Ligand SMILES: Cc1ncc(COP(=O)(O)O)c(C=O)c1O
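Only one chain is shown below, in structure tokens, and it's the form predicted alone.
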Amino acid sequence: MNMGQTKKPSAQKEHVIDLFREHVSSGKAAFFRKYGMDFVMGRREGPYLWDMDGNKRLLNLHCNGGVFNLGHRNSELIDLLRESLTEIDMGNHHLISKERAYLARLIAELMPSDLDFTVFGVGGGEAIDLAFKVARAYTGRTKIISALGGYHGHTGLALAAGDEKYRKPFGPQAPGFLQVPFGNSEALAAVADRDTAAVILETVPATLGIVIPPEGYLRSVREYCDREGIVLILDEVQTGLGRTGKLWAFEHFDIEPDIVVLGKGLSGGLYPISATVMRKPLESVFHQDPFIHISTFGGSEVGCRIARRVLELYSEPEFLNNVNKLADHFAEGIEALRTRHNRFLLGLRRLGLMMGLELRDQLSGPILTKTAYDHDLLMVYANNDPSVCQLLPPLILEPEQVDRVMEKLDGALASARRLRPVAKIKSKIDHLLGK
């Protein structure tokens, strides 16, 4: 699968790669070198990333799971960041904060029902950890049920709710965590019991391959949790904030969770911030000791200002209408490509701009990731189902940019079709050699 690069890297770029290999990750450096993808991030703007040598420009169709929903280096947010730094800094988590209060109030106004309280963190894993802690403290129970193939982060409790392959290298699993198939409410009911504190689901599981919930599934889970006194946590780190054409993905399914976890897109691509949003009764777990959970850098005041403006942008009806128009444009283009490449591209999973390309087999996702890169598109296959390639473009693309994506994706699909037989043979040989 190594097609090489068209231009020799500069000495400076090679030096950066050497430093990365020696001091950050030798494995990643070797992987990207092997597949001719040793791209080093340089200039970035809007939907584009340039290699540090300026020899290659990628159109970002992954957005780091939603971090760059508004594109790279949004000028309005950069101006706000600069202005904010003239008067505020991180703040102090021990003290009352105006910036946190204003952001939390806006989140409450945009959430349904009594999802009124927010605790801020730095990343999604930290926010998931807190959601589990709150559910356990509130219910007095311990068991957490998640979905097979789901993904909630790499921190302690979040890791325990994920698949075994993410946990196994790091020792024994934390107790109290079970997984069931996504989309099967009967399987959930079969393992839940009186010690079940919470059920956590991604509204649309991204790492599982952009799986759209079956009709009535989330509603049945909500009703079951209500009957059994179980806290329902929805992980909207990737699906929230306009990605699906609504501000919150759960709005498509006519349900209201007890806890919502936000991250990635909340940062505007400039300042890390995440949020654990909970219904008013659950906040009572902090009444006896309001300092029982802290995050030194969570809810940085500078970050809160950025996130507040980001939320205002995402929630504008015109913005969401445009997301849906772009989604329809993508769907039309992908259908035309499916007709042209129907033995390789089988279909499109889609909820707004939360999209996944259904491919021929599990070898096809990694191959398309590589050939898309060769055609100047940054795409990433779904790690828990490599037969699907994630398609998560910035929410601010112009229609003509969508057309350009289709042109490049057409070429990438054609290359992937040609490369697949060779890659399949190599995969079999590697398997026989025990590689």
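Note that the coordinates shown come from a computational prediction; the quantities given were computed from them, not determined experimentally. One rule holds for the numbers: they count along the sequence shown, beginning at 1.
Missing here is the form predicted together with the named molecule; even so, the following discussion is about that form.
J.: Residues in which of 123-131, 302-310, 327-335, 340-348 have heavy atoms within 4.5 Å of the named molecule in the predicted bound form?
T.: Among the listed stretches, the partner-contacting one is 123-131.
J.: Report yes if any heavy atom of residue 237 sits within 4.5 Å of a heavy atom of the named molecule in the predicted bound form; otherwise report no.
T.: Because a heavy atom of residue 237 falls inside 4.5 Å of the named molecule in the predicted bound form, the answer is yes.
J.: Does residue 222 reach the named molecule in the predicted bound form, with heavy atoms at most 4.5 Å apart?
T.: Contact check for residue 222: no, nothing within 4.5 Å of the named molecule in the predicted bound form.
J.: Taking heavy atoms only, is residue 99 within 4.5 angstroms of the named molecule in the predicted bound form?
T.: No.
J.: In the predicted bound form, is there a heavy atom of the named molecule that lies within 4.5 Å of any heavy atom of residue 153, even though the partner is absent here?
T.: The answer is yes: residue 153 has a heavy atom within 4.5 Å of the named molecule.
J.: Quick one: name the residues from 74-95 with any non-hydrogen atom within 4.5 angstroms of the named molecule in the predicted bound form.
T.: Nothing in the stretch sits within 4.5 Å of the partner.
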